[in-house]
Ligand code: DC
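One chain comes next, on its own, written as structure tokens: the form predicted on its own.
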């Protein structure tokens, strides 16, 4: 699908927890030969460090200092990103429920998000990326070439999360009520609330298979690539 004759795109995929963003972004990036930047993994890495260092999730100044003192790196692989925290591989640990819940709480702080956004812009500003999260198309890359807002019914998202967590061996899977609470925090936070960008393509994946979602997003990307050639 890639064409070396034109500039590589910045592709933003936003949406709530469990909508399938990570899997779709990884598959799309692989097909395009792009990097896959998973913003949620960065927040989870910080939440993990807060747990390990006994920093309260509601202590914004301490969390910001912790972020400045941390090295969070995403290393793309065929199977998805490896998450490195201070050079330590925490890929599996950051998928566990306590860290995921902590990331949702850490991410509400404006100064934490400010630090994260700056790092994400450094990592993806040159293009050739598929980046997924909650505010990529609205805040991190408001001028992204392609913006997708991927959503699904909370019950379906719960089912998908359970399947993912069973596959990874994670304990205590989330439920629909927890997903709705995360949605509420994400949508009502002061800094970068979860909402589709005005020019985003809205895609409800409730009744779609993973392959169907990927096919529709590929269609949007192809259209943008065609426009870039004209």
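Positions refer to the first chain, counted from 1. Remember, it's a predicted structure, so these values are computed and weren't measured experimentally.
Although it is not shown, the form predicted in complex with this ligand is what the next lines describe.
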query: Among 185 to 193, 50 to 58, 27 to 35, 65 to 73, the region lying within 4.5 Å of this ligand in the predicted bound form by heavy atom distance; finding: 185 to 193
query: 4.5 angstroms heavy atom contact with this ligand in the predicted bound form for residue 46; finding: no
query: Distance check, residue 150 to this ligand in the predicted bound form, heavy atom within 4.5 Å; finding: no
query: Touches this ligand in the predicted bound form: residue 136 (any heavy atom, 4.5 Å); finding: yes
query: Residue 95, heavy atom within 4.5 angstroms of this ligand in the predicted bound form; finding: yes
query: Heavy atom within 4.5 Å of this ligand in the predicted bound form - residue from 129, 144, 103, 83; finding: 103
query: Sequence-ordered list of residues in 22 to 51 near this ligand in the predicted bound form, where near means a heavy atom within 4.5 Å; finding: 39, 40, 41, 43, 44
